[in-house]
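Here you'll find one protein chain in two forms, each presented separately as structure tokens under the names structure 1 and structure 2.
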Structure 1
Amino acid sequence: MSVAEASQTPLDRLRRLGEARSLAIIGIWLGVLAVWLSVPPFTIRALVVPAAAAVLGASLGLWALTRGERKLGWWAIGVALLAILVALWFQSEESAELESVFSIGLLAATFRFAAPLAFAAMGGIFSERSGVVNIGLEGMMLAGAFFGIVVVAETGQWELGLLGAMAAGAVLALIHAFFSIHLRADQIISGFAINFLALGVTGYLFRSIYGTRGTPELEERIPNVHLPLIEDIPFFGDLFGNLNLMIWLMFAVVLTSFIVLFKTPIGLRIRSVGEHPKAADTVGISVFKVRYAAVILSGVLAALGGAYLSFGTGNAFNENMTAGRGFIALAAVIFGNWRPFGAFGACLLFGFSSALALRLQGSPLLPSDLASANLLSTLPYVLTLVVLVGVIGRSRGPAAAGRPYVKQ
């Protein structure tokens, strides 16, 4: 009897938590909806509508809280409060001013800003889930951006450029993997060296190959995908009808990352190696092989993000052009609690804040010095610190991340 009870209680708790989770997630979305209702194209002037949605979202969050789902519950309440504030504020603003900032363009820009982050973040998740901390994402992105554009400039084919970028990212990742897995170097030191190395190598070769002229004008870049059927749908079509190929690839990579990590035996292996390498080794999983594969994959993905920067949305390479995006991706990994959808959500949030910062510059919506894009740029880092500290739910990494594995 007691055995049956003991085995049921945690299961019940899990089920309750599952319900609470979905309630809280619905609450968060209601809060988002409340914000959305008060901006164009809806611009609902009656405060009641967004407020009602927000209150409903908050109460769902509260309900989830009482049922033990603390993190998402607090999130729902926070988003709802934010929604009410935003609604209150926007009621007093002119419609035209709101429309100049909030438009389809803002969402499209969000995707553009989020894409490089999302690629690198998925890479970071694979690497860290296998137990290798990768702060070298920044350098791998930079290498992808440079070597990709070199190949495009030489061959005139963006497909080959992507391959070149992936190869460059893989080589850098291989170095990181060799140092941190085989040589058991400190993974932070190794990753840090990778960043510096990529900075030096790309800068050196950039100057050595192109001198002061910069990269030549590209004949080809990563193309946009026209979807004639969708393009004509009013709102949806404007957003999705003409997106860059890499943004579709980003959606695919995020989805695949989730499926691979959590729904396949491969993912189970990766996660087990990251949580308890000795146990994984005991059941016959090669810790070294899994870690090598995961780290190299992280380099390939990060390099794709870099390639999108240099010949997807942009058309030239500049020294140190990633400018800290690899670290934002790292922040997204932590913020998203080492989960693909969580990290992707964080990338969208950080991308949105960048896009918003760009549009708020000079907008009458905010006092000028507050509208500075610089201050809004701190958002990813501040939010990550907040999550790290555990004010809104603690984020926890894989148990064995950062520790080299010594086979016995």
Structure 2
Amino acid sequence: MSVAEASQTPLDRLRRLGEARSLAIIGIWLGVLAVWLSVPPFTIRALVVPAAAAVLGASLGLWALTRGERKLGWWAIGVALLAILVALWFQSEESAELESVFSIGLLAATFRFAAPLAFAAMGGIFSERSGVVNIGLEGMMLAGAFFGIVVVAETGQWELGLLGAMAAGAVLALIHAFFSIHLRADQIISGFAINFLALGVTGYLFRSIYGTRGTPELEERIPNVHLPLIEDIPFFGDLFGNLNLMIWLMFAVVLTSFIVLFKTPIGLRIRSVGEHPKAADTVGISVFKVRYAAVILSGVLAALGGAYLSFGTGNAFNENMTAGRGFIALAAVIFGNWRPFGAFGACLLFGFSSALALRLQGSPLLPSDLASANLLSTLPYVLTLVVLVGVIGRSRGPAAAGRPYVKQ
């Protein structure tokens, strides 16, 4: 350590590290920009332009490395190198082939894939902010998908279907809350038990009720919202003019979650119970009541994501149709540092990867054989692993998460 560095106060070193971290993040976004410039609507055919953005991003990452920000610095450099390779690949492809993949439909599909993840992620944030780890989001989504579509099939009302899905998610969440809060069971084991319970119950009832013919054709499903004033606006009209009602509800849930958690006394109670339950109990806050309410709310929100899968974006139920989305939502919670907007950004990232993988499967940019299709289908899960590796050591969850509270 040099004399100048030794003479710095801890506050100076912290400020210096914060500056390096900010520049490294800018470097990462410059790498993303380098790829974006090579695809529609820009489709810049001169390699020097995206290459310049990537080189600048790598330079910022290298500068961050010299200032002590190693993880984000290496991320900026890695993203820049990958961006140059991808830009080189796109330069060799025809513009029409790129437009078949990178169009406004890709962004609309991103919202569709991100919606169920965002509902479950918001539920996970409420639960973990109160101090209860909810690994059972996957099972609660699956229960919401099945029981919601059963109610719709029997009543013909999608509104009642949403209520049925929410009730199913709330029941499973109540079971998880009882074992985790009152019986002080291991929350991870309890959550996995909920997942297996939901998988077994929905699979058994699905085969018992519908047999091999599957769920019947629904007369009603969650409708799209048409916005006449926006539909005629270029780009925005194609993206926002005809979205499903659940996607708009997703936006509202994310915004409301942030307001409730960080701008209201209720949110302060939830966060205090998740950080210092003994102190919260001392000032008269009921730790058990707050945790029960937060966990049940997480089940309701996760079930809404499942309902969107079965009779929102889809029109049928299949066994294990959530396919690990609850665990991806948990990864989004960690990546977003247990904050609604951060988790929503992660859900958009995972949704984009799912939409991109689906579009690449039928595009001329890649071989159309079965092996390529199977490999592309793993893209969201590989991205989940990469993101989790990248944030390990940087994210700090609520201090009391996963620890049962014993009232004194």
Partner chain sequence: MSDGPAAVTPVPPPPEPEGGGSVSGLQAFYDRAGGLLVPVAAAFLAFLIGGIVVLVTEKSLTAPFEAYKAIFEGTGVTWFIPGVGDTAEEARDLQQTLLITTPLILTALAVAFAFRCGMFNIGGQGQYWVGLLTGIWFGTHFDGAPMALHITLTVVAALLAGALWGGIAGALKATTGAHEVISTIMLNWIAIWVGKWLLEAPDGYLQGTDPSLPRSNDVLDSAKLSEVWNWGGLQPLHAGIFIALFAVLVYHLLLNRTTLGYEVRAVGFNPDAAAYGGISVKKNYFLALAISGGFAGLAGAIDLLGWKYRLTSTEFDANLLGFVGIAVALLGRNKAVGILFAAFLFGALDVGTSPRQLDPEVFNPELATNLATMIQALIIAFVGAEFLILYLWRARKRVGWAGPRRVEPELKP
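Throughout, residue numbering runs from 1 along the sequence of structure 1. Owing to the predicted nature of the structure, the values given are computational and were not obtained by experimental measurement. Only the largest set of C-alpha atoms that superpose within 1.5 Å between the two forms is called the rigid core.
Visitor: 1 or 2: which is the form predicted together with its partner chain?
Guide: Number 1 is right.
Visitor: C-alpha of Gly78: shift of 2 angstroms or more between structure 1 and structure 2, rigid core aligned?
Guide: Yes; Gly78 is a residue whose C-alpha shifts (by 2 Å or more) between structure 1 and structure 2 when the cores are overlaid.
Visitor: Superpose the two forms on their rigid core, then report whether the C-alpha of Ala343 is displaced by 2 angstroms or more between structure 1 and structure 2.
Guide: It does not, since the Ala343 C-alpha is displaced less than 2 Å between structure 1 and structure 2 after the core fit.
Visitor: Please say whether, between structure 1 and structure 2, the C-alpha of Ser59 moves by 2 Å or more once the core is aligned.
Guide: Yes, shifts by 2 Å or more.
Visitor: For Ala24, what C-alpha shift in Å results between structure 1 and structure 2 following superposition on the rigid core?
Guide: So the C-alpha of this residue moves 8.3 Å.
Visitor: Once the rigid core is matched, what's the CA displacement of Leu33 between structure 1 and structure 2 in angstrom?
Guide: Comparing between structure 1 and structure 2 after core fitting, Leu33 shifts 5.6 Å at its C-alpha.
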